[in-house]
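In structure tokens, the next block holds one chain alone, the form predicted alone.
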Amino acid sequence: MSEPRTRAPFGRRLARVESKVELGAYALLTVADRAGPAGPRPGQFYMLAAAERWGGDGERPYLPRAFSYARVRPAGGVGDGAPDFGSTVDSGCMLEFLLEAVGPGTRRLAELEPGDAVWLTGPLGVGFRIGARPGVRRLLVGGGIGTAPIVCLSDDVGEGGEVLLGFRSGRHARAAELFGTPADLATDDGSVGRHALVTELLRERLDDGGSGTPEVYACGPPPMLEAVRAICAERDVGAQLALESGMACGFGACFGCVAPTRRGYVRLCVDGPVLDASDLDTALFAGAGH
């Protein structure tokens, strides 16, 4: 089974925004992380903060925001005339983050343009654990902004993964364009794909008698993850859930992302965010989501 964690260098570091692409309701931000490790694991996350104007009225600073990365690729050299935010040699990696402007912090990050600087900490947490066992049928389930870690997971799994995605609308469903393989889509308003919840697609896949032992990997809003947990529990199917919670530090110091499990309370930023569904009585707990 692959290593679920790549350890982060100590402290935050300055990184450069290389590009920004509008993708329906989302923005896809590419950041050159030249001083960080080149191999984060799907499901791990980074803490992001704009280097400038990171604050509200009176410049009171916002806390960094936690984002799972959507894709990673080798870093290129520093472009002509670009500010030098680290090494000038080809090192580190290029990270893609899927953003939705839903509050003051995410709005500021979504305003960033190529050449701007961000403070970056990570990769943090424990990612998905992908085994190399034969005869496994991998079902990758993403909902909304939770689609991001499913992108890099799908890259790792390749053609052996079946991707199921759910979105509020066709505008949000533009995020499905990030995948290199076809995905089954469901939208709340029926504008793209099935007029259904993505958990209905999952239920059908698990009951279709397909070959192989199913394993489910999911990320999305808490109600979706609770439905995934319950569906898998009913069928005795193994599942790993990337849980969402407000995170202030990312290092387990503030205890702001504590989640109850059958083994006791855990801190999602160091013990997760990916947990086995079988360790949970519910994915709906105080502080879940953002």
Partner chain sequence: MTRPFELCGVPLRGRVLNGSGTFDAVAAHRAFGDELLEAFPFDAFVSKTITVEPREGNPPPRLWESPAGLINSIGLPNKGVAGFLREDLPRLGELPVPLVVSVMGFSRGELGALVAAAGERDEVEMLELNVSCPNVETGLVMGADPAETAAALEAVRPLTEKPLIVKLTPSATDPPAVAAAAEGVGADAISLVNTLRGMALDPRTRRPWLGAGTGGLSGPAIRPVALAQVAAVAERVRIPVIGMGGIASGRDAHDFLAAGADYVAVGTETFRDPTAGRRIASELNVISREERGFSEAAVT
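Quick caveat: nothing in here was measured; it's all calculated off a predicted structure. Numbering follows the first chain given and starts at 1.
What follows is about the form predicted in complex with its partner chain, which we do not show.
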Exercise. Answer with yes or no whether residue 43 is in contact with its partner chain in the predicted complex, where contact means some heavy atom within 4.5 Å.
Key: no
Quiz prompt | 4.5 Å heavy atom contact, residue 16 to its partner chain in the predicted complex | solution = no
Quiz item: residue 64: heavy atom within 4.5 Å of its partner chain in the predicted complex?
Solution: yes
Quiz prompt | Touches its partner chain in the predicted complex: residue 124 (any heavy atom, 4.5 Å) | solution = yes
Quiz item: Tell me, which of 237, 227, 249, 28 has a heavy atom within 4.5 angstroms of its partner chain in the predicted complex?
Solution: 249
Exercise. Using the arrangement in the predicted complex, list in sequence order the residues of 8 to 25 with any heavy atom within 4.5 angstroms of its partner chain.
Key: 8, 9, 10, 11, 12
